[in-house]
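Heads up, the chain below is alone and in the form predicted alone; it's given as structure tokens.
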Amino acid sequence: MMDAGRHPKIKVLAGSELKSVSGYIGNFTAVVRQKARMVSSACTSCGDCVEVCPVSVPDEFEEGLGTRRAIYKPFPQAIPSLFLIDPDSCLGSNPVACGKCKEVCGAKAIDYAMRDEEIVLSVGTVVVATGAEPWDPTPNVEYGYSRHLDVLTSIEFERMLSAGGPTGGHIQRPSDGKEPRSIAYIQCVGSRTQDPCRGMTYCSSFCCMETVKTTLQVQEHIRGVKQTVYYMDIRAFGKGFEGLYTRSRADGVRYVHSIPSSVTRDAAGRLLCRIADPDTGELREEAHDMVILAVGVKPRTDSDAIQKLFTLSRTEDGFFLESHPKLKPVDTPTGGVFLAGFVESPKDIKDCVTQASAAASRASILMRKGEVTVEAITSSIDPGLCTACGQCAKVCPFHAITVDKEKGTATVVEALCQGCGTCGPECRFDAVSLRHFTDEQFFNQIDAALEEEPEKKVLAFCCNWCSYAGADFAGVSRMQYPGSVRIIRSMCSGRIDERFVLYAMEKRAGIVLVSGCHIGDCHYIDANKSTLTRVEKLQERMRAAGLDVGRLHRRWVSAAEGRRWADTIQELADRLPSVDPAEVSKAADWARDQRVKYEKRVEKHREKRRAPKPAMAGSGAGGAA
């Protein structure tokens, strides 16, 4: 932190909030609101102001175990090394209520009139490293957190163990200040549970080894202390982790494969952990002086705002999704934006540092180039056909389309466009096209796939990143499934226009399948939600026309679900013999009518756009003199 503060090319904006971000890779503009410190840079960090401040509030850095003044430093190594005033707890000076800090400040650095400042930054790349939040165990009422003073979280206990913490590194029971002789640790608090009120479904990754490390530290602080770890599983998967775990057990730490069902207090003030004996299953209570809850982590509450600012994808757990878990582990779908640390997933310090180094390297590669070559697969808009309705801009997951109502057209920012093609099917007048995945190419592939015996074919539209990769995985794994399927690849299932499905039915395809990524795992953020909406609307139209909706299917298949792909094709192939030829003919006629209506609408629009604008009243030869 100190090195970063001294570095000539690093600017630390403490106490700041990101308000807005615009632009694209290499040309981002960020607006940052820097909150008023009410202490100027003239501060010498002498601390005289702290000694006279009469206000005392819980210290956030000490996890509430210590107190701070209304004028304070957030933590000892804070950058910049200046004090700041908490406006919510400061008594102020107008009307005169306190002002003692201003009176004793020899540097005249106190300025109660200081206001928030907005800073505009022009940057080429962005690294998102906003971290995560520890789980608040208050909803886990069986552990008595906040009811029993001697029940602490692992983070609170970490501060107590620190030599610079509220107790100077001395372990004390908060209830009476005495040194504990027996300490219990309860693992997986807020992790690995299916109850959303009690925690998250995933493993928080670092908690087991944090507890192992803590037991070794406690052994050094208090000789002869009895320590018991109640665990679900011990996950010591990192380099040297198993050795630390073995050392902890060898030092006398007791590990019990059971999670307490409750923590209560007896008449003597000791904490009773009620567990089921791992060998006999009998219930019993074990007494301890302190109980430490190994809490997991959850995504930050402001993740929604960060996601919108940078157009990021999120997993079902709420963490941000990388472009590819193996090939691009720190990249995001938005060019020039990278991930580091807990914002991507729970991990330990070593993995955070590794990922931060990778993100910095990826950013520096782009910065050194000076210019970025964008993918050729981007959308384009015909200004002669565009009506500036804005429907394409609404569905674009990357906000790559700007609409100019005055000029009556829309344009694509190619540096932002990722080539998903979701905008194309939304245009009612055929004004949007995708390079290398044009409508003509799709129609030609449909013709080729259904050239012979189309009624005996399953025509599958697959997205490049998941379902097509899933089909490929099924093939290389030699999973057997019928050869009656014909696959047409697109970059995203959002590119699949209803006209493609209608044309396949017009060509008498037995069954049509639209397949893509699972909701929440889309490579293009949420483009597959447009797929879902589009397929459901088309099924409703088929139902209204009296057609068999079972001939149009939608399935989500990931790149790792080769078996799911094979089972899906087998299921659809088994249905092919039961498809009524009369139904196929009826659907073909209906689809042809739909296509003709669409083409007539587009052609009428083309003629209208080509026609000259009517003369204004009173102008020309027939106008008034």
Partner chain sequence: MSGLAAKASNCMQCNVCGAACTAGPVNGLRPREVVQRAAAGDPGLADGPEPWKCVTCYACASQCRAGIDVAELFYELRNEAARRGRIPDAYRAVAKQVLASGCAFPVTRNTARMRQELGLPPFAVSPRGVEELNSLCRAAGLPDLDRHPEAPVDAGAPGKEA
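Because the structure is predicted, anything quoted here is derived from the model rather than measured. Residue numbers count along the first chain shown, from 1.
One more form of this protein exists, namely the form predicted together with its partner chain; it is left out here, but the text below deals with it.
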query: In the model of the complex, E158 touching its partner chain (heavy atom, 4.5 Å); finding: no
query: Q441, heavy atom within 4.5 angstroms of its partner chain in the model of the complex; finding: no
query: Heavy atom of G106 within 4.5 Å of its partner chain in the model of the complex; finding: no
query: Its partner chain contact in the model of the complex: F398, any heavy atom under 4.5 Å; finding: no
query: Contacting member of Q227, T531, Q187, S490, with respect to its partner chain in the model of the complex [4.5 Å, heavy atom]; finding: Q187
query: Contact residue in the model of the complex, from T411, S182, S261, S81 (heavy atom within 4.5 Å of its partner chain); finding: S261
query: Region of this chain that lies against its partner chain in the model of the complex, out of 542 to 550, 403 to 411, 366 to 374, 252 to 260 [heavy atom, 4.5 Å]; finding: 252 to 260
query: Residues within 4.5 Å of its partner chain in the model of the complex, restricted to 258 to 293 and counted by heavy atom; finding: S258, I259, P260, S261, R274, I275, A276, D277, P278, T280, G281, E282, L283
